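Following this are structure 1 and structure 2, which are two forms of one protein chain, each written alone as C-alpha cells.
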Structure 1
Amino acid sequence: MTAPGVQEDVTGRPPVVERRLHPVTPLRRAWAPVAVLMGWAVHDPDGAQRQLTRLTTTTLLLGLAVLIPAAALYGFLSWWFTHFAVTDSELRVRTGLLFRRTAHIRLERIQAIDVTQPLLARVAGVAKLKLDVIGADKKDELAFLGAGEARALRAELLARAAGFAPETAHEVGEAPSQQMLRVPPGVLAVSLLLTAATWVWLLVAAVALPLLWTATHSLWTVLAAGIPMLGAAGASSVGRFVAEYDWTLGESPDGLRIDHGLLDRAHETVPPGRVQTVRLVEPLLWRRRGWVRVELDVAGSSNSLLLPVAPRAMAESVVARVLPGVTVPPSEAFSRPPRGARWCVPVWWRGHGLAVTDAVFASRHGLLRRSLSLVPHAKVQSVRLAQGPWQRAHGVADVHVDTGANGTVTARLRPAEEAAALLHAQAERSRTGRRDALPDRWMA
C-alpha cells in the first residue's frame, strides 16, 4: 500500500511523490465559466443585449446564485485533480476533470525556466513557472506555486537537467547571480519617447480621426478607428515601460538572468549556448545618445529581448558574454552593395552591409532604424542563394543564412560572384564551427 499522492515504483527506486499547486489556484481557474460567457457576449453583442433585457431582477439573481457556486466548484475540482511530480528523468503533470491528460516533460529537453508573478500573484505571494522545452510550440507552465516553492523547484529542475543526481539536486539551490547591468527608469522613459512608433501612431490619429468625423459625423466610427490607434501608441510607450521597468541583467552559471516588470514581475533565463542570433537595433533618434536595443533569437525559447536600451559599448560587452569568442565588427569592416544595386532597391540599398569574421556572419540593414544581426558560424543550419530576374540583370544576389531558431539572416544585394563564393565559404565555416563547438550544458 502507498500513501495518497505517492506512486509506487516497482523498480525499487524511491517512490514518486505527487504534489498539488498552491491553494489559491482555484480562484484563477474559477474564471473559466465566466470567461466563456464573456466570450459569447463579445462574439454576439446584440444577442447578449437582447437576452439581458429579458431578464428580471429575480432571474438575474438566481442565475448569479447558480453561476458563482458552479464557477467555484469548477475551480476547486480542476485544482484537486491536478498533480505534478519530478522523477529521475522527467517532470510529470497530470490534469483533467473528465478527460485525464498526463504531460511527460523530459528534463534534458528543458532549455529555460522562467518565474513570473502577475500583479495579483505578487499580492498573494505566489508565482508560476514557464518552461521552454525543445520541440514545444508554446511554453508549458505550472500556475500557481508559492513564490519560494517556485524558485526552489526551478533550481531543482535546472540541477537535474545539468546532470546532478536526484538525491542531491534539491540541495544545489539556485545558482548565484552577479548583476551586470540595470536600466534606470529615466533612461527607459527617454528611450521610449525617442521611439518613432509612438509618435507615428499619434500623428496618424491626429490626422485621420478629424477626417473621419468630417466625412461620417459618426462617433462610433471615430471610436472604432481611434481606439486601436491610441492603443497601439500606448502599447509602444506606456505598455513597454510597464513591461520593461527595472530591467536587470545578471550572469550566473545557468545563463544570463533577466528580471523586469512594474506590475507583473518576470524572472527569465537566457540559456547558455542556445542563442542563435543577436541583433543590435539602433533607432534614428537614439544615435546621438549612442544607445542600442539588443534582441535575441533563442532555440527552443520565446525570450527575444536581452536589453531594452543600453550604451553601445555596454551592449557589445554583453554580446561577448552571450556569444563567447564573438566581437561586434566595427563599421569600417562592413562592405556595401555595389552601386548597381540602387536599381533594385532605390535609396535604401545604402543601408545594407556585410562583414564576415572568423567567428561570426554579420549583416546590417536599415537607414532610419539600423539593425545589425550577428550569427556565429556554428549556429548556421543552412545557406541559400536567391537571385530574381531583376537582380540577375544588375549582377547582384541575396545570401540567406538559416539558424536553429527558425530564423533567417540575409546579406542583401551582394555582387553575384561574391555571393556564389560566400555560399560555399559559409557552408565550410559552419561545418567547421559545429565540429569545434563546445556542447551546450546547463551550469557548465
Structure 2
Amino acid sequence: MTAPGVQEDVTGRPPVVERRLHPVTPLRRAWAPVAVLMGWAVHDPDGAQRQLTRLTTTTLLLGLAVLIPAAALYGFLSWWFTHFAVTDSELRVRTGLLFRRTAHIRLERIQAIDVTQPLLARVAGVAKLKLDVIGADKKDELAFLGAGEARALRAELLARAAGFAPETAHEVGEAPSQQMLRVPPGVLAVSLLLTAATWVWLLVAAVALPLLWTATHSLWTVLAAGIPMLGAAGASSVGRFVAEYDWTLGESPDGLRIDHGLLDRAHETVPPGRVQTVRLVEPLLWRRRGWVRVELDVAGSSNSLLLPVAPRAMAESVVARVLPGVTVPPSEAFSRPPRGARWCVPVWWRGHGLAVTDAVFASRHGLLRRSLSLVPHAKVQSVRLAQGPWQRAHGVADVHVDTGANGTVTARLRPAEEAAALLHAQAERSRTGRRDALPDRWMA
C-alpha cells in the first residue's frame, strides 16, 4: 500500500514508492530455534538425552511438519509486512503484522550511516543498512538489502541529507572518497600483541587453572573456569584483529568513511560536523613506538573507534581533519592540578591535565595508559562543576562537560577559583562556538 504524505500531494511530487527488503531476509532468523535447542541441550545434557530417547519417528516428523511451515510462514509474513520508503525529508520504515510500527527518521538528523555485511550476508550478497539517529532502535535497521541496493540507498540518503534537490538526489550517486589512512595488518597485529588485556587473561589462566586442578581434580571445573578466560584473551586479541583488519579511513564530501573487518565487513559514513568527542588513547606498551588509538563519539552510533592504531603525528593530522580547525594541544600546553590535589587522588593526580584552546576543551588523565579527550566547544551541551567536602578542604573541584553523544569529559582536580571561572567561560564558549559550525545539511 502506498500512502503518499501530505507534502507530496501539496507540491505535486510523485508519490512515495515503498519498497521491500531483500527476499533472503526471512532466513536471517532461521538459526534462532536451532540455537535455542542447542543451548538447552548443552545446559541440561541428561534431560535432553531422556527427551530424545522418548521421541519416536512419528512424533518427530509430526513436530517438524508443524514447526517448519509455521516458522516459514512467520518469516514470510514479517518480510511481507516490512516496507521502507525514502521521502524528501525522512526515511520511513513500516513493520509489524499484529503490532504496527512506523518509524519516521528525519534525514537532516542523521548522525551516521552504517552498511554492514556479516560473513553469511557476504556469501548471499546482501547487506544491512542502519541510520544512526538519536533514539533510533535496533528495529529500524534495514536488514537485509542487496549489496548494490544498500550502496545506492546510502548514496541517495546522504545526498538528500546533504541538501541536494530531491529531484536530483537519486542521480547524485556516491560521493568520491579519498583514502586518508590504512592500517597495515602487521602493525595491527603487533599493537594487539602489545595490549595488556590479552596477557593479563593468559597469565590469570596460567596461574588459576593449575591451582584449580590441584584443588579439585575435576576436568569439568577446570574447563568451566578456563574457557571464559581463554575466550576473553581470544576476544581481545584474535577477535579484535578480525574486526579491525584492513581498517581504512577515507574522506569524502559526505564526511568520514570507515571500512573495516576481515570476515564481517562494515562501512560507516559519518557526515561532517557529527563527531562530538575524540579521544587519543595511549596504552603503556605502545608508548615506545609512539602509537595511539583514536576513539570517537557520534550521537546514536554504537561504533566508537576511529583508528585502532596509528603513529601519533598521523593520528593528530586525522583529528585535525575530523574536527575542522582543531589542533591537538601539545603536552606542554596542559596545566596540572595544584599540589594539594595529591591528597584527593594520591599518585595519579599528576596524570590529570587540562588545556582549553579557541576550538576545543582538552582534558587528559592516566599515568600508565594515557587518555586525552577533545570536545569542540560547539558540541558542549551543558557544563557542571562538582566539589565534594574532601576536595573543598584541598581547594580543588571537578568540571564536567556533557556532550550530545551521552559522553561526559571531566577536567578533574582544578583549582577551585579556576574551576568557577572555567564553568562560566566554558558555557559562553559553548554558546558562541556554535555560530561557525556547519549546518545540519552540509551541502545546502
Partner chain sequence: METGSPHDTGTADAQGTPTPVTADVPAADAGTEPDGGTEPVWRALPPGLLTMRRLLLVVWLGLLTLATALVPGLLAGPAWGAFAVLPLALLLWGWVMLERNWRSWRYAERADDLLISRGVLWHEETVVPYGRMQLVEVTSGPVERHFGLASVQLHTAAAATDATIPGLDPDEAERLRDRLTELGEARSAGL
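Since we're looking at a predicted model, the values are computed, not measured. By convention here, residues take numbers in order along the sequence of structure 1, the first being 1. We call the rigid core the largest set of C-alpha positions that still match within 1.5 Å between the two forms.
Pick one: which is the form predicted alone?
-> Pick structure 1 here.
Large Cα move at Ala235 between structures 1 and 2, threshold 2 Å, rigid core = No, the C-alpha position differs by under 2 Å between structures 1 and 2.
Comparing between structures 1 and 2 on the rigid core, is the C-alpha shift at Val347 2 Å or larger?
-> Comparing forms between structures 1 and 2, the Val347 CA shifts below 2 Å.
Would you say Val292 moves between structures 1 and 2, meaning its CA shifts by 2 Å or more once the core is fitted?
-> Val292 C-alpha, core-superposed: shift of less than 2 Å.
Core-referenced Cα shift (Å), His217, between structures 1 and 2 = Residue shift at the C-alpha: 2.9 Å.
Align on the rigid core first, then pass along the CA displacement of Pro69 between structures 1 and 2 in angstrom.
-> Displacement of the alpha carbon, after core fit: 4.3 Å.
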